[in-house]
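What follows is one chain in structure tokens, specifically the form predicted alone.
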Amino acid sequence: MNENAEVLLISKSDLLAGIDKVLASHKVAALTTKEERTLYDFISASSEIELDYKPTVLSPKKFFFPQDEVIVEYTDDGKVTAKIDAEPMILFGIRPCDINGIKILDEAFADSNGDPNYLAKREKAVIIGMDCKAICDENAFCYKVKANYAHSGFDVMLQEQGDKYVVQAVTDKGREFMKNFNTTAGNQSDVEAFLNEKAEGFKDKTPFKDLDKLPEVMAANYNHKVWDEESSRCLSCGSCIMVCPTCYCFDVADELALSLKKGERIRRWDACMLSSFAEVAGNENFREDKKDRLHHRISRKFDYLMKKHGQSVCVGCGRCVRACLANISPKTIVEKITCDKGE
């Protein structure tokens, strides 16, 4: 339990009624189904919310770090305007793996001088988490990297208990948000009851062998045969990167209007698995072989950036596994390197 949390209880009906109340003044994004696809998107009524989690193609990072984003507008008379499009927003029902992903992005985009576009969106958002009692999908492996628990990166955490939710409001924004809802007081025993159920749901799910030492293990296995085995099937399509909740590489391009009197500078997601990603002037390519690109991608998750963020930068959501046409999985690679045959 978060020691700063205010613990409350709320019925499911009152939770949904509160969301409808909030919708009168805020944009709310939640897990919903549109055209037979489950995704995180803005809703117009609480009846559109999917309370039972179904895997999505894209993570909620798209609300803070859009796939395409105008960052500068300019005109031929020399006027240059920074473009920051941020407005108050509620992200409802975000699962622990994705909360851990957002936490990593928060750290990355706050580094050095910080990214004003990301930070402005993040500052105006309230994140309402929805805790998990068990693994959600056969391709998910959040428990392997301890991302099935979220300890920060959210304002409110909801924990299902029968026909009600235990509510932990852990920030001032979260406590203010919960004033819109009809709640009753809860206590630590309510939280512990949920956590006991969760522990039972994950009791046979163990983290990677030597998880905390993976940077050293990865470095020591630079030439492991798994890199040849797995990369031989890679199509270099970049799908794994495009759906990853913790990848934050981007490209920047200028697009001029046909009149040539104005233009926009746009940043777009980029993918280190694409053959052109590491190409520089003179057609030199620092990672021309797909084996090198796969090695780089996996090492960022479990070596380079793991040392920087102090946790695995793969959150085990399983999106890359579901998106990969060649059936390449970070879980398989790490298990082969560590000789981990556990669950």
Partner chain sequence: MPNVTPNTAAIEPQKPKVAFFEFADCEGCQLCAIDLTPEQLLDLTAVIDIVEFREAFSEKADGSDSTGGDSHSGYDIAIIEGSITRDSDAERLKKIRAAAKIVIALGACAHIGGINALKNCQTKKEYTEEVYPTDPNKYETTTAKALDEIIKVDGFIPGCPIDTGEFIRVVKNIVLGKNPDIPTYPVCVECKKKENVCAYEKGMICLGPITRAGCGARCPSNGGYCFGCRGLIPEPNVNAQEDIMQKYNLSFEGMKDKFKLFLQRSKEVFPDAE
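Numbering follows the first chain given and starts at 1. On a predicted model such as this, the values are computed, not experimentally measured, just so you know.
FYI, the form predicted together with its partner chain isn't displayed, but the following is about it.
Note that among 267-275, 204-212, 140-148, 88-96, the stretch whose heavy atoms approach its partner chain to within 4.5 Å in the predicted complex is 267-275.
At a distance threshold of 4.5 angstroms between non-hydrogen atoms, V57 is in contact with its partner chain in the predicted complex. Among residues of the shown chain, Y40 is one whose heavy atoms approach its partner chain to within 4.5 Å in the predicted complex. In the predicted complex, its partner chain lies farther than 4.5 Å from every heavy atom of E216. In the predicted complex, its partner chain sits beyond 4.5 Å of every heavy atom of H224. Contact check for M130, A134 and A199: none of the three has a heavy atom within 4.5 Å of its partner chain in the predicted complex. Site annotation in the predicted complex: the residue of Q161, N180, S239, T183 reaching within 4.5 Å of its partner chain with a heavy atom is S239. When its partner chain is considered in the predicted complex, only one residue from I10, L16, L23, C324 comes within 4.5 Å through any heavy atom, namely C324. In the predicted complex, just one residue of 289-304 lies within 4.5 Å of its partner chain by at least one heavy atom: K290.
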